[in-house]
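The chain below stands alone and is given as structure tokens, in the form predicted on its own.
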């Protein structure tokens, strides 16, 4: 199967779990599996604890932050940092103060991964991606240039991966492919099954590390002096004007909610402050939705049923 055609041609239709009634609140749902599961878990947990009906609405993080400022969105289940630091500052820390970021965080990681076959072919460090002789093994469409999946088009990390590719120089030696995550993960499954080398953007917690023995590419250590990402909201040419020839720095994600919602429902805001998903739980969410193909709403229903004591603690 040709990687580029598979990634660019395939589409993903994600079901919305909201309904037609006038909901008491809106929870934004991102287009990655753990975020979808978490959004639905929060919906059911808040309904059980506070008797509030929540609409789960599929929204990108940028639109969700704008919605929290206008009052159209109340909660976002996963805000990744440093990916969305510009939004956190604009709407929270240094800006309008319309968004509150929960203090608890899930530790994470992001970078580039290679299948074992790619590593065996000599691609183990990010510098190897700048060597056409090595990246030729990643070519699936016969044009002589390998392909690397860098994320979904709507993800902020995808733009940053383009910045990193430009900064390291491998944007000239490989084709950077954008596609929805479920399509890319299907390509990883196929690559591992057929012994075809593949390199792709990866993040953890995520089920891919449980499903396959993939290798993280080594990189120069993170250096804040060299990590210069222009805020997307400040300049439409932010990708070309940014530079990041180093590994990602410390990564984490938080639950966020609007300050307006917190004023109306201080009890729910206090509840959200105590939400403490663990990395292994996030990986399990990803596995259930992506591998086992469980609908997010069904997974959330079972999770809430199994974690009633935990939810009770969050509400105390």
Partner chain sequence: MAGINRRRLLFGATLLSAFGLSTVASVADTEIYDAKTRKWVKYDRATARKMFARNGQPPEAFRMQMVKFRTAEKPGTIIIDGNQHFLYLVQPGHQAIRYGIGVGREGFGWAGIVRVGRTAEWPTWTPPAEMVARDPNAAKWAGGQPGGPDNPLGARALYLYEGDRDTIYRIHGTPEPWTIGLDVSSGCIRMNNDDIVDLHSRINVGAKVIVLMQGAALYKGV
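Numbering follows the first chain given and starts at 1. No experiment lies behind these values; they were computed from the predicted model shown.
FYI, the form predicted in complex with the partner chain isn't displayed, but the following is about it.
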In the predicted bound form, does residue 87 come within 4.5 Å of the partner chain, counting heavy atoms only? no
Report yes if any heavy atom of residue 291 sits within 4.5 Å of a heavy atom of the partner chain in the predicted bound form; otherwise report no. yes
Is the gap between residue 78 and the partner chain in the predicted bound form 4.5 Å or less for some heavy atom pair? no
Does the 4.5 Å heavy atom contact test between residue 190 and the partner chain in the predicted bound form come out positive? yes
Which among 239-247, 93-101, 202-210, 165-173 is in contact with the partner chain in the predicted bound form, heavy atoms within 4.5 angstroms? 202-210
Each of 274, 284 and 309 near the partner chain in the predicted bound form, meaning some heavy atom within 4.5 Å? no
229, 214, 108, 121 - the one with a heavy atom within 4.5 Å of the partner chain in the predicted bound form: 121
Contact check, 168-188 vs the partner chain in the predicted bound form, heavy atom within 4.5 Å, ordered by sequence, gives 175, 176, 177, 178, 179, 180, 182, 183, 184, 186, 187
